[in-house]
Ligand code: HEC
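Only one chain is shown below, in structure tokens, and it's the form predicted on its own.
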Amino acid sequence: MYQMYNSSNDKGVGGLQTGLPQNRDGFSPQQIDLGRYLFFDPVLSIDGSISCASCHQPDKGFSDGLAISKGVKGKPVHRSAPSIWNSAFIDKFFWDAKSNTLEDQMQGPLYSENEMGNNPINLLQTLNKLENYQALFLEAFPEKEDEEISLNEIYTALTAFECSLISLNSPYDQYAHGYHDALNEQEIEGMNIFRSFVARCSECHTPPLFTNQQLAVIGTPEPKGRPFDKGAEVPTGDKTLRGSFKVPSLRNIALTAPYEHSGVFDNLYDATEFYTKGRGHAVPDSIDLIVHWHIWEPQLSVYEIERIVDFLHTLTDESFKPQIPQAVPSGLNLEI
């Protein structure tokens, strides 16, 4: 439905009838299902102990419920695990937006020693020894000239699965498409506060994806004892982006606590309240940040914050939550 809307004709901030960006498509059912098996199979990790789904759990909005995720042997990862819902529409990946494609992004966790700890040579050797996977790859890529599984085929299959994770039929969406009773009065009130020129939430969390896919310096505090995270300054070398992170989508946000790149807020009220406490209020005096212009002092009341939280719950839609396999082709135990 959103693909019928012309965003340029929409009125107001974060209007209801806004269109979607171009999405990744064109994958076969066989490629998607192969990607599903790979996603849930611990065989992708160096020691067969964790899978992609260990950090991106379907029942937790494809996050993991941890402030800082854990990799092989319980090693802490640098940041929290972001949701992967609606990845088909996203053009920047990782909290610091350092990847522009899913194929590139997935190589980060696959080969990071603190995450899945694998390497390309071992990954190929492992999968090519498994007859179940050889058969599945032949079905998914019938025109392949070599029976050997390739890295590009692995990346394509995982991308195909992630691009099937579409969440666009929440109560909010039903309201946006004309079914007024999909939201109650408090949720509508929260939506209007969210979209207002006072709260300004929708200027960055723009419908229908509820992200503008840009980087923003918002001055989020780090949990006690953790060093300051420079964010996108590291991959870009741009000091104006010190402490900047990608604006996350709010789709299924009620399922993905804790919040922010470091999981510093464990509930939606506290995460929302952070934005009303004033520009740069949580930034240590020793750190010089160019805080994003929209972080001002809207002075929202407790009631208004509670209504925004009510609205955020209306963005939950798990219609296309995939079925977790009862068994994976490697024969390993599922680790989720």
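One-based numbering along the sequence shown. Note that the coordinates shown come from a computational prediction; the quantities given were computed from them, not determined experimentally.
In what follows, reference is made to the form predicted in complex with the named molecule, a form of this protein that is not presented.
- S83 is the sole member of S170, S83, T126, S164 with a non-hydrogen atom lying within 4.5 angstroms of the named molecule in the predicted bound form.
- Although the named molecule is omitted here, in the predicted bound form none of N118, F137 and E153 has a heavy atom within 4.5 Å of it.
- Only one of 142-150, 179-187, 99-107, 231-239 lies within 4.5 Å of the named molecule in the predicted bound form by heavy atoms, and it is 99-107.
- Using a 4.5 angstroms threshold between heavy atoms, L209 stays clear of the named molecule in the predicted bound form.
- Using a 4.5 angstroms threshold between heavy atoms, Y37 stays clear of the named molecule in the predicted bound form.
- Although the partner is absent from this view, F94 contacts the named molecule in the predicted bound form, with a non-hydrogen atom inside 4.5 angstroms.
- In the predicted bound form, R226 stays away from the named molecule, with no heavy atom inside 4.5 Å.
- For the partner-free chain shown, L250, I253, Y259, E260, H261, L268, A271, T272, Y275 of 250-276 come within 4.5 angstroms of the named molecule in the predicted bound form, judged by any non-hydrogen atom.
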